[in-house]
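In the block that follows, a single chain appears as structure tokens, in the form predicted alone.
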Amino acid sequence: MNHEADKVVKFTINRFDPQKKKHYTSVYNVPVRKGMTLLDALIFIKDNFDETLAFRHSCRMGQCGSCGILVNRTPLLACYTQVLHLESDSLTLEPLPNMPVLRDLIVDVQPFFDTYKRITAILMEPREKRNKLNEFMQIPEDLKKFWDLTLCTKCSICYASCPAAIDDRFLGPSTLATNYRFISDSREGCSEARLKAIRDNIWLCTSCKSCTLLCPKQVDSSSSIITERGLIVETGFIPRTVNDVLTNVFKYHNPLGIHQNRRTEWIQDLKVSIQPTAGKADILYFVCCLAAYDPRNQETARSMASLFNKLGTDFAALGAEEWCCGDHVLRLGEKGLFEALAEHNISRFRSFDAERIVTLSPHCYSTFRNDKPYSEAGLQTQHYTQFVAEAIEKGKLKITKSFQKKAAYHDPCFLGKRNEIYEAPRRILEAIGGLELVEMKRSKENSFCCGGGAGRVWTEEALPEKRPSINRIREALDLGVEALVTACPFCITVLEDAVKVLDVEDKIAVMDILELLQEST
């Protein structure tokens, strides 16, 4: 083996001394060779620099799940991750969040394992069958339904990355996925009891998808939770708030329960062509329910229409023919209602001759791109940040005024994590003169969810301290920014609510990128 280092990497480790109850930082320059894992580096530090450094490990093969740590804000298994693959000269190591720190990089994983006590993590069968000798057959087709979920090593990385887990009522992605693993097992006989155990808890999930994206074993907990919700919806035993959202969409084609004939009120005196008057346009502007009906977000809808007109864009909207895209409905588990909404919207898209659809909401954009039947309809879709960034780069949009504020950008989960659109919003903000843009501590693929996804924008009942939005606003306040900027109407709604709850309206403003452009062009 070649013992010469390929490079020297600076390791900054956030530590905790339980005897002195003191948090402190240690820095080490570690010679790194090809194939060296984070765990190898930690062992090297302990053997050569500081024998007091505490971290947890066992199998060194990614099977025991004990060596989870936070690396540059990303939860990773230390034994599973090669240092050189991180492509960084400087790494910051911290203990996993959402669990108490015992010492240095060691956390108390008991809160995570305690969530498993609230479900039954073994196969169950009805009482009348327990004492009978039965042969449990499992054919390959049935095994495939849940096999991937059995790969979970209980490493707690999904729990550490989950925004909903700041509320200790939440079971967490791994536990809910394990529950579904048994429900989907053909040998299981008590699925009804399993659904009853989680039906008051599962709605806290925001569908941000962090659990799936960061799982070392690629377990898709996020999708299994949505499917599990669908089973609960079928039973009819759902919270009143969830029922209200689904009923509103069924009756009025939007979650707010407002009649469709008011869907164009946001237009007011703007020049906007709508169906059926407009049958053709270069761009179909899909406004989103929240932006169409909510007075706060109507300003964003109007800003985008004004921008289209300023650019001389040939665009039109569906007006009352625009129904909810169905994203939140699907994440709440009502697949049948989602498909009905999708079929209606797709029929309107096909009757309208447009080159592409530009959406205001990342949720509309994401579901058009990724969820059947939208994803099979051949739609050409852009989020508005992509459209605007493209206009700036081509010189079509001139930003003539400065915006003298210090601001941070909050990555919406359905724009960033689910669709990897990170740079377009930042390019727009960087083009605005006078704006001092700083990054949140948790940004891009590690961004922290606002807490409004999967219908939670309407169903939120958690105490303020347990809301992801409160956590996020506090992070922005710590940066000393005057504005927290985002590109999603749902983020705007829950983050502004958090500002009001914290009574910091005089310290920070929540703004959409379009509002900044309105003041700068």
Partner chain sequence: METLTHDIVIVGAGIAGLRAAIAAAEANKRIDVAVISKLYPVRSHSVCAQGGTAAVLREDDSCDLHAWDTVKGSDFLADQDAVEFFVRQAPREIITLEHWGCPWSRTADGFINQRPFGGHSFPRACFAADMTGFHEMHTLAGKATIHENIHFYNEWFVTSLILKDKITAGLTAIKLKTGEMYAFRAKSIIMATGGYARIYEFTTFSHTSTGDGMAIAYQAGIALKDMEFIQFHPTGLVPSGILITGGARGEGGYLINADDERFMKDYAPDKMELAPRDIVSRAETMELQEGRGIEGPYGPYIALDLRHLGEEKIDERLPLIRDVAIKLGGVDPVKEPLPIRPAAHYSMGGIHANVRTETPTRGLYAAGECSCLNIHGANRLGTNSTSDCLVFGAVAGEEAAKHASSASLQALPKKKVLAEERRVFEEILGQEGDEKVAEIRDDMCRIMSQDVWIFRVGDGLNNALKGVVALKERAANIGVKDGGRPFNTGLVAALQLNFTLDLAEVTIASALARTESRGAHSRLDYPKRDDGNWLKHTLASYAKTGPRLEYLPVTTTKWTPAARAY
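No experiment lies behind these values; they were computed from the predicted model shown. Positions refer to the first chain, counted from 1.
There is another form of this protein, the form predicted together with its partner chain, and it is not shown here; the text below is about that form.
Between its partner chain and the residues 369, 335, 154, 199, the one pair within 4.5 Å by heavy atoms in the predicted bound form involves 154. A heavy atom within 4.5 Å of its partner chain in the predicted bound form is found for one listed residue only; from 209, 263, 181, 331, this is 181. Its partner chain in the predicted bound form is approached by residue 59, whose closest heavy atom lies within 4.5 angstroms of it. Taking non-hydrogen atoms only, residue 108 approaches its partner chain to within 4.5 angstroms in the predicted bound form. For residue 120, a non-hydrogen atom is located within 4.5 Å of its partner chain in the predicted bound form, even though that partner is not displayed. The closest heavy atom approach of residue 103 to its partner chain in the predicted bound form falls within 4.5 Å. For the marked spot (8, 11 and 27), a heavy atom within 4.5 Å of its partner chain in the predicted bound form is absent from each of the three residues.
Per the 4.5 Å heavy atom criterion, its partner chain in the predicted bound form is contacted by stretch 46-54, the sole one of 453-461, 472-480, 46-54, 486-494. Scanning 206-223 for heavy atoms within 4.5 Å of its partner chain in the predicted bound form gives just one residue, 217.
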